[in-house]
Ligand SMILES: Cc1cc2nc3c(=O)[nH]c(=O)nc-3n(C[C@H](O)[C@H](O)[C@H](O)COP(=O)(O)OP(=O)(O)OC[C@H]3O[C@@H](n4cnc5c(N)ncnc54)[C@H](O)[C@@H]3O)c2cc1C
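Quick setup: one chain, the form predicted on its own, written in C-alpha cells, and binding and motion questions come after.
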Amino acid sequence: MSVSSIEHTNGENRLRTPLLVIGAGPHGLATAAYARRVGIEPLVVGQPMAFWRESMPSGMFLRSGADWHLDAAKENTLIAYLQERGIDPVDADPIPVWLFIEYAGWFQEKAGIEVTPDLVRDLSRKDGRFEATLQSGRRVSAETVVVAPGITHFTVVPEWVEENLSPEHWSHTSTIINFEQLRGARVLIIGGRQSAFEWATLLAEEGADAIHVVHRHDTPDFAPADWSFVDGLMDLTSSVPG
C-alpha cells in the first residue's frame, strides 16, 4: 500500500501518509510518479482516468501532440509507449482519446502507482497536518496534499436551462458521450469553446439532422494548436512562489 503507516486512535484505523494525492487522472498520476521518484510514497485516492473513460466520447482526439506526456523524468513518455507498441507517432496524430487512456494505464504500471478506489468527502487542517475523510468513512492524515480532481465536479448549468427544459430535452457535454439517440435530431449547442465544436463535429458524424452553435464571443480561428505560450508560464511557476 502506498502509505507510510496505519495509526490506531480510539479504535479507529487512520492512514498516515507524507503526501495525499486527490485524483487519479493525468495530473494525479504524474504527481504521484514524480513523488515516488524523489523518495516520497504517496497515497493516491480516486478512480484512475475515470473522467477520460466515462465522460469523453470514443471518437474524440486530443489537441496536444505526442510530445506531451506524464513523466517528469522523460522516461515513460507517450513516445516511449508508442515505440513499445510499434506505432509511428505520425500515425497517432491527432491522438485518439482511447490511446491516451491506454498510455496512462501503462504509465501507472511502469511508475508503480497504487490507487485507492475511494473519494475524498472532506478535507481540513489540524495541528499542522491535513485530515481527510473518505467516502468509505476511512480517515487519512497527511503532511502535504496535492488536489488534482479534474473538471468532473465543476460542470456549470445555467439556471434557466433546468427551469425551462425537461430533463430529456437537454444535457451537458460532460454527460453525453453517446450520440446515437440524436441521429436525425435537430440540436442546439449553447457555447462556442472547445467542447462545443468538438461535440458539433461528433454529432454531425453521427448523423444529426441539423446542428446550431450559438455563442457570444468571436468565432475561433480553428488554427493548429500551438502550446509554446505555456513555456514561460511553466518557468514562472518554478521561479516565482505562489
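Predicted, not measured: the structure shown is a model, and the values here were computed from it. When you see a residue number, it is the position in the sequence shown, counting from 1.
One more form of this protein, predicted together with this ligand, exists but is not displayed; see below.
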Next item on the list: Find the only residue in Lys126, His169, His153, Lys74 having a heavy atom within 4.5 Å of this ligand in the predicted bound form.
Entry: His153
Checklist line | 4.5 Å heavy atom contact, Thr201 to this ligand in the predicted bound form | finding: no
Check: in the predicted bound form, does Leu43 have a heavy atom within 4.5 Å of this ligand?
Finding: no
Check: Taking 4.5 angstroms as the cut-off for heavy atoms, does Val145 touch this ligand in the predicted bound form?
Finding: no
Next item on the list: Classify Phe51 as contacting or not contacting this ligand in the predicted bound form by the rule of any non-hydrogen atom within 4.5 angstroms, answering yes or no.
Entry: yes
Margin query: Each of Ala66, Ala80 and Thr237 within 4.5 Å of this ligand in the predicted bound form, by any heavy atom, yes or no?
Written below: no
Notebook entry, point to check: Looking at 101-109, 159-167, 117-125, 83-91, which lies within 4.5 angstroms of this ligand in the predicted bound form, counting heavy atoms?
Noted result: 117-125
Item checked: Neighbours of this ligand in the predicted bound form among 14-39 [non-hydrogen atom within 4.5 angstroms] -> Ile22, Gly23, Ala24, Gly25, Pro26, His27, Gly28
